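So this first bit is one chain, no partners, the form predicted on its own, shown in structure tokens.
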Amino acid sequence: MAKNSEIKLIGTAASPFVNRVQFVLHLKSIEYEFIDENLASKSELLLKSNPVYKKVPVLLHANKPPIPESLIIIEYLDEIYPDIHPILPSDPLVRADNRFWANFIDNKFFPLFEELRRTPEKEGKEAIKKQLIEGSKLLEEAFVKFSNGKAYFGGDDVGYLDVVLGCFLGWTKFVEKHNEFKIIDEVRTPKLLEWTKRIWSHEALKDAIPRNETLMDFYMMLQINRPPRKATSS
């Protein structure tokens, strides 16, 4: 997309953290070049651009220093393009509250997906499933609070938490299917379920959410490079 653009995004299609940056770029109609990264054999460009964490995404903007970390990139894009689909709330208190929930999603909720994959025992997996369900209930409450009866976390239109959580929908469906349970359902999280349908069909997100085949390929790579832990003997 948009080769020779002054904005380039180093990433991989299966990464939800990359997908959320793509979501914002699409929302703001920003042309960019996507540089596909092979995480099994990281490029010199990635290692040079993000020497501390060596992770995607990384945003390259003209001749400026590289910008790593998805949430930092989103805020940067919102600041340099403030008049095109603002992402962060204008009220400082609401903005701080949004950041709190973004931290919960990235550091408490989504890591359970990987923990579920790496846990070998059925009993352990069931305990993690319960944690995911409890986390989804908290997100249901957060949605009710922030949306105030409207369509999105951001109210009438897509906002910060819609982007932060929306990028995980592909992986959420993947995990549900392969573990035979529902994280988001009509009984426990009815408002969140309706939100997922709206956000899933949003034009700006359609091209950012990876196909199931892409997720499966990435999943198999993880199984090889970071296999599940061995079951403990009783």
Partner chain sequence: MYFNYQCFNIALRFLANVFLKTDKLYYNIYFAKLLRGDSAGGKVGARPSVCSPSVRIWRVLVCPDLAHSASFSKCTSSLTKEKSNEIKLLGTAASPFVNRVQFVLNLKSIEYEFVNENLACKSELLLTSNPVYKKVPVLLHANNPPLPESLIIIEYLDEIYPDIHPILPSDPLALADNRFWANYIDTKFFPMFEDLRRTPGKEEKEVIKKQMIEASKLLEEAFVKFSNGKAYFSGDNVGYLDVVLGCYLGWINFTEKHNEFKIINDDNRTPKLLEWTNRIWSHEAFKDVIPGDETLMNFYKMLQIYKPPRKA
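Predicted, not measured: the structure shown is a model, and the values here were computed from it. Numbering follows the first chain given and starts at 1.
Keep in mind that the form predicted in complex with the partner chain is missing from the display, and what follows is about it.
Trainee: Quick one: which of 150 to 158, 113 to 121, 126 to 134, 100 to 108 gets within 4.5 Å of the partner chain in the predicted complex, going by heavy atoms?
Mentor: Selected stretch: 100 to 108.
Trainee: Contact with the partner chain in the predicted complex for residue 187, defined as at least one heavy atom pair within 4.5 Å: yes or no?
Mentor: So residue 187 does not count as contacting the partner chain.
Trainee: Residue 85 near the partner chain in the predicted complex, any heavy atom under 4.5 Å?
Mentor: Because no heavy atom of residue 85 falls inside 4.5 Å of the partner chain in the predicted complex, the answer is no.
Trainee: Is residue 68 one of the residues lying within 4.5 Å of the partner chain in the predicted complex, judged by heavy atom distances?
Mentor: Residue 68 belongs to the contact set for the partner chain.
Trainee: At the 4.5 Å heavy atom threshold, is residue 144 in contact with the partner chain in the predicted complex?
Mentor: Judged by the heavy-atom cut-off of 4.5 Å, residue 144 is well away from the partner chain in the predicted complex.
Trainee: Since exactly one of 206, 177, 48, 64 fits, which has a heavy atom within 4.5 Å of the partner chain in the predicted complex?
Mentor: Of the candidates 206, 177, 48, 64, 64 is the one lying within 4.5 Å of the partner chain in the predicted complex.
Trainee: Is it the case that 53, 72 and 76 all touch the partner chain in the predicted complex, with a non-hydrogen atom of each within 4.5 angstroms?
Mentor: Heavy-atom distance to the partner chain in the predicted complex: all three under 4.5 Å.
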